[in-house]
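Take a look at this one chain, the form predicted on its own, written out in structure tokens.
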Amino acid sequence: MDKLTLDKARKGSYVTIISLPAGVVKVQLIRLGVTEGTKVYCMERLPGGTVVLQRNRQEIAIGYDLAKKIEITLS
């Protein structure tokens, strides 16, 4: 299976996070409830590549550069 990254997620699909980039960004995502193994819903793809995720009625916007570093699988 090819490695997929979050910037490739399609609007309206569920994805499971496989890995997050190390460092401060990982800590911030974990605080928002996005951890490895988490299943999230791709709500929107905004111009410029921003991906809007939904988890437990919380919406999280992730910029294109960060989305390219988050590995996923399709759920």
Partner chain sequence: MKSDTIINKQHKNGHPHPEVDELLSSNTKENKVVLAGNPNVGKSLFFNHLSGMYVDVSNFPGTTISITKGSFKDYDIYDTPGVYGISSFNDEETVARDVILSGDIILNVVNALHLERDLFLTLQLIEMGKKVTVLMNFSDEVKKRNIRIDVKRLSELLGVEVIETSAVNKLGFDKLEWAIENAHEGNHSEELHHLLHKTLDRVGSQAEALIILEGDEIVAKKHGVPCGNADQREQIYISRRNRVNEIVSDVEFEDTKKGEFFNTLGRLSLHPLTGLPILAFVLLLVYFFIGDLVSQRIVKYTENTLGKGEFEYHVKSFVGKYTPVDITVHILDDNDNVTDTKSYSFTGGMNADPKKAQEFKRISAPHGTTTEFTFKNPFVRLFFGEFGIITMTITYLLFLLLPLVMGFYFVMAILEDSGYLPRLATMLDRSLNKLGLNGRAVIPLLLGFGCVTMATITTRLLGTEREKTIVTAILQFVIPCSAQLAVITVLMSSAGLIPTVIYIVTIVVVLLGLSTSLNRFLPGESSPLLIDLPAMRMPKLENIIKKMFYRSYGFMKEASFWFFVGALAVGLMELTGLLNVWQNLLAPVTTEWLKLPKEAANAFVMGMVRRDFGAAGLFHLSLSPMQITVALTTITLFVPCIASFVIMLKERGWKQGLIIWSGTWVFAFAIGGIIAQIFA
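Numbering follows the first chain given and starts at 1. Here the structure is a predicted model, which means the values were calculated and not measured.
We do not show the form predicted together with its partner chain, though everything after this point is about it.
With a cut-off of 4.5 Å between heavy atoms, is T16 one of the residues that contacts its partner chain in the predicted complex? Outside the cut-off, so no.
Partner contact for I62 in the predicted complex: its partner chain, 4.5 angstroms, heavy atom: Judged by the heavy-atom cut-off of 4.5 Å, I62 is in contact with its partner chain in the predicted complex.
Would C42 show up as a contact with its partner chain in the predicted complex if we use heavy atoms at 4.5 Å? Outside the cut-off, so no.
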